[in-house]
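Before any questions on binding or motion, here is one chain by itself as structure tokens, the form predicted on its own.
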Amino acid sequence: MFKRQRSLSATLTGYVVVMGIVIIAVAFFLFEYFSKQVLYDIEKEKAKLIAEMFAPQIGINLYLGMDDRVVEALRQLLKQKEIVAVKLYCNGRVCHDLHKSVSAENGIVIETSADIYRPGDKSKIGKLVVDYVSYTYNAMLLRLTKMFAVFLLLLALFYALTVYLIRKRLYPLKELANSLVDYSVKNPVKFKRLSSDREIRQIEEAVEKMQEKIEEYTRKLTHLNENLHIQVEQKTKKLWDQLYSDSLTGLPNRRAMMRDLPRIHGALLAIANIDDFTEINDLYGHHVGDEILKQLGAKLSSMNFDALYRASGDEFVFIVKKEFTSKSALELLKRIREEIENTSFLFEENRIDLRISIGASIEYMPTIEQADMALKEARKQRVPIMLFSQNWQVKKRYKENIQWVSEIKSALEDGRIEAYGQPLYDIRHHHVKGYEVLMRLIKKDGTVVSPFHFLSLAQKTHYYPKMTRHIVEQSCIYFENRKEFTFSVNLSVEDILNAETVEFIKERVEKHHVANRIIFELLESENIENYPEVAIFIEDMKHFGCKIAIDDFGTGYSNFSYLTSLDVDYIKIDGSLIKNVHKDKNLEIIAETIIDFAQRLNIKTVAEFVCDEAVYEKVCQMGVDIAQGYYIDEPRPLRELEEAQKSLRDL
């Protein structure tokens, strides 16, 4: 139910009443304040005139030392009808105090004073204080109050008359509004002339014309709605088909599959995927690929499965409602695969043979996730068909991944992604040159976890950019005022491809004034030089004054050519080459080749995994510039670096 709205007459009446109350209140306040104050000021002024009239006479006698005449003057003053008491102050004390035994119940007592000066100059020699009784104040105030009461009564009558006239003049409009309440197209309103007011007559005429137009529009809308209803039903059916049907093959789509799967029990659920389908698209074009998908959909439809869906690009899901053993399920899947692979799919004059992989589940309540795990396991083991098994470690790995994602999210929210620092020791000058800032995840129980356990998974989530920015932020804040050290931060290609992360890095480098001391370590990989964004990032950072290092160099791809094009400042030789370099001649040769190449290009080298004295002595002998590893010191939280610096061994 809607709240009933107030009528216009009631609203206007309310305004008038409120305005009248405000005016009366203000008038009463002004009367109370000004009338009393004005009357009081008049009487006080009369008292002051009397006191000032006697003050010169008293002053002459007081100056001449004629005390009896002073008293006489005071008594003369006291004979005044309104004067009930006089006091004379000489040298700051009362020297004469006279009173009249007269009641002042019918008046108000006003105290006033007049200064007494020495004759001939303005030297003050005393003060006359007079108590004056006004017998007319209350009477005058009473007369004013009566006059004000009459004024308020007239004002109230005026507002009552105003309210009456408002309600009377608006009554026809109210009746007109009431007559419109029950209006409908089938029950039009017939107005009677309620008022001689021109405006109300115009409203009535306008409403009658509006009713005629509404009736005409209603007839048109009724016809239009009938047509729209038919069209909506047709469109709804079409949209419903589009919602649950694949537009290319006409089969039920993934949405339809997810709707139906909860009702499937005791059946075989399988995913059939075309092997190397991208090669068909690349070789013949996507239009041919689409045609092959339609033909495959038609082929699968002809096999009379209990349910068939196109789940995604080149994946089809089919269901056979029957109890299966592993053996019978594999036999059926094998026949299905052979029938498909023995079918020739044609486009124009081109024959295209397909190979498919199938992952399936015959659990009591099969799920698409189980079939998908089986398909992934089939590809991993390079077999064409695989049934889901509860004994697989895949499920355990998925569960662990979910737990790690939850741990990463929780650590970010609680501030448990922490920056650690490991010293970079300058071999030539025998001192710690700077620190590599490393990411650590601190579990709720205090366990410190290395990125080895979670970073690759984190890079596949949307949390990874937040983690990188957090480490950059902590590093810049810590080293902002530690100008004697450089510090390096690890970045991946994913970081550099993220425009928001790059902009964040630039802002923090400028804000904390660390451009000339920060080193960005880029992970050496086979695609690093294929991204123009990497070259642009390096150029921008070098323009700021930052340094660039290539991390983990010497394993895997290791292409020397891109080092010059990327203009790097440091090469960090991978720890797998360094940790056994003192006892493996082949590793020594590889490391020396990298060091010699770097020296020729004026690129400094950093040896990682310097774990003991023997390795340290060997990298010194080979000409490495900087050593890093547990022999120097282990990674520590940034807040502990200063204390650890004091205890570093002298190498």
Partner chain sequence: MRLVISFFIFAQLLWAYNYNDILLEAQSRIYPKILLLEDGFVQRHQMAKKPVVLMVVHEREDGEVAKRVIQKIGEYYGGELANLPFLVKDATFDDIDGKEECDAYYLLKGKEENIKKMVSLARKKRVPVFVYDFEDLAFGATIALDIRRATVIYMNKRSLEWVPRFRQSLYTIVRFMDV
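Positions refer to the first chain, counted from 1. Values in this document were obtained by computation on a predicted structure and should not be read as measured data.
Below, we refer to the form predicted together with the partner chain, which is not included among the displayed structures.
The partner chain in the predicted complex is approached by residue 66, whose closest heavy atom lies within 4.5 angstroms of it. Contact annotation: residue 60 falls within 4.5 Å of the partner chain in the predicted complex, judged by heavy atom distances. When the partner chain is considered in the predicted complex, residue 119 lines it closely, a heavy atom lying within 4.5 Å. Only one segment in the set 618-626, 581-589, 66-74, 604-612 has any non-hydrogen atom within 4.5 angstroms of the partner chain in the predicted complex, and it is 66-74.
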